[in-house]
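Coming up is one lone chain in structure tokens, specifically the form predicted alone.
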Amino acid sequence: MDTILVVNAGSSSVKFQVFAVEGEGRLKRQIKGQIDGIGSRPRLRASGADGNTIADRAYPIESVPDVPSAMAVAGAWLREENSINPVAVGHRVVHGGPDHSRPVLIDHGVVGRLERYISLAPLHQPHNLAPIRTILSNSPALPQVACFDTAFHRDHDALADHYAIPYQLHAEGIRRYGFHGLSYEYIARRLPQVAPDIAGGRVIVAHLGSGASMCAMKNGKSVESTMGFTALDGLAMGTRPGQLDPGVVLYLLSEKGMPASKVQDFLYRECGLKGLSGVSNDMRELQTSTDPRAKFAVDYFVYRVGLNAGMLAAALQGLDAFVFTAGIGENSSSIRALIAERLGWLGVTIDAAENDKHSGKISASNSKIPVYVVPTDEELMIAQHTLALLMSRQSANPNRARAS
């Protein structure tokens, strides 16, 4: 059976999923797993199609010190214990820059171009590229596909895409990209099934997790996003500040004497909910904490979601629906309720019982704006893109032998 492997690599973990390719290009999830604790307490965990655990094993630190070694361990487990030899591998790559508006087949040239954006996504890009290099080196004939978090937003109108800076800088690539595009693209594809009445309308989708952003969609296309040039902008996140006056950065450089590398580390790792609370970057811990700073961090997060909803509604010139997704959006009924209160001026009223049940539709019957909870599936989106590109490649080259 042909399979597609999806890889999402971070600094201390490699998440992977295996999808079986069935008739008419359908995909069925077979395995979902990850190796976390890389370089500290490496552990492989995986579950099968039924959700039951099929692996849970620890490894010595020295055997999994980095992402390439984690890829080797996961690859050996998939091949030797599960007989998985994928026909292609799909990767999440956070930043595609101005050149990539759709998934692309990877070669060394593509990797070289994507390395230019490491400084724009230092928490993600270098780790996204690490397994790609490993597979290019060890299995050069195996097709790999890069799927970009920026691609879904690349059709923004110029007014949404530009900063008020000299045009030459825009031409060089300093522009508003937007992120979490794979998540938003999945939601856009799901809405016709779960909420056909509003799928073609004006919808705000709130992707709320450790990384958080919001997207204004019209007719299933991205119109505006809270994130811009990097994934630092917009909402406050677990460790990132969200919207910030550039003067703050200048102050840190000139008055606090912080070198650029220290400023970068500070903005990506020490701000957001962590910085505001001084307690944690985890929303679950903040909500159970009795520390007043933790409560303030929660209130700040909710306030900023409400504030940005107003901006996005203005970009859409109205609103037909609001959608929650991602870790916090899908799982925290209390955060959803607090945000809904902030959206009351738009006509949002939620049904407390449906919200507590995590129902697909949580708005009250008298709500002017319907509110939905739609679980996202970025990995399935990546698998679909990978399969489509693979099939297109085979159609263009019918005599090409399938990579093993």
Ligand code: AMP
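Remember, predicted model here, so these are calculated numbers, not experimental data. Numbering starts at 1 and runs along the sequence shown.
Same protein, other form: the form predicted together with adenosine monophosphate (AMP), not shown, and the subject of what follows.
Asks: Following C-alpha superposition of the binding-site region, is the pocket for adenosine monophosphate (AMP), modelled as it is in the model of the complex, open or blocked, where blocked requires 3 or more ligand atoms within 2.4 Å of any backbone or C-beta atom?
Replies: Here the site is open.
Asks: Please pick out the stretch from 275 to 283, 248 to 256, 69 to 77, 220 to 228 that is in contact with adenosine monophosphate (AMP) in the model of the complex, where contact means heavy atoms within 4.5 Å.
Replies: Result of the contact check: 275 to 283.
Asks: Report whether the minimum heavy atom distance between residue 326 and adenosine monophosphate (AMP) in the model of the complex is within 4.5 Å.
Replies: Yes, residue 326 sits close enough to adenosine monophosphate (AMP) in the model of the complex that at least one of its heavy atoms falls within 4.5 Å.
Asks: Hey, in the model of the complex, does residue 210 get a heavy atom within 4.5 angstroms of adenosine monophosphate (AMP)?
Replies: Yes, contact at 4.5 Å.
Asks: Does adenosine monophosphate (AMP) get within 4.5 angstroms of any non-hydrogen atom of residue 239 in the model of the complex?
Replies: Taking the distances in the model of the complex, the answer for residue 239 is no, it never comes within 4.5 Å of adenosine monophosphate (AMP).
Asks: Hey, in the model of the complex, does residue 289 get a heavy atom within 4.5 angstroms of adenosine monophosphate (AMP)?
Replies: Contact with adenosine monophosphate (AMP), no.
Asks: Of 332, 139, 125, 85, which residue is found within 4.5 angstroms of adenosine monophosphate (AMP) in the model of the complex when only non-hydrogen atoms are counted?
Replies: Contact with adenosine monophosphate (AMP) in the model of the complex is made by 332 alone.
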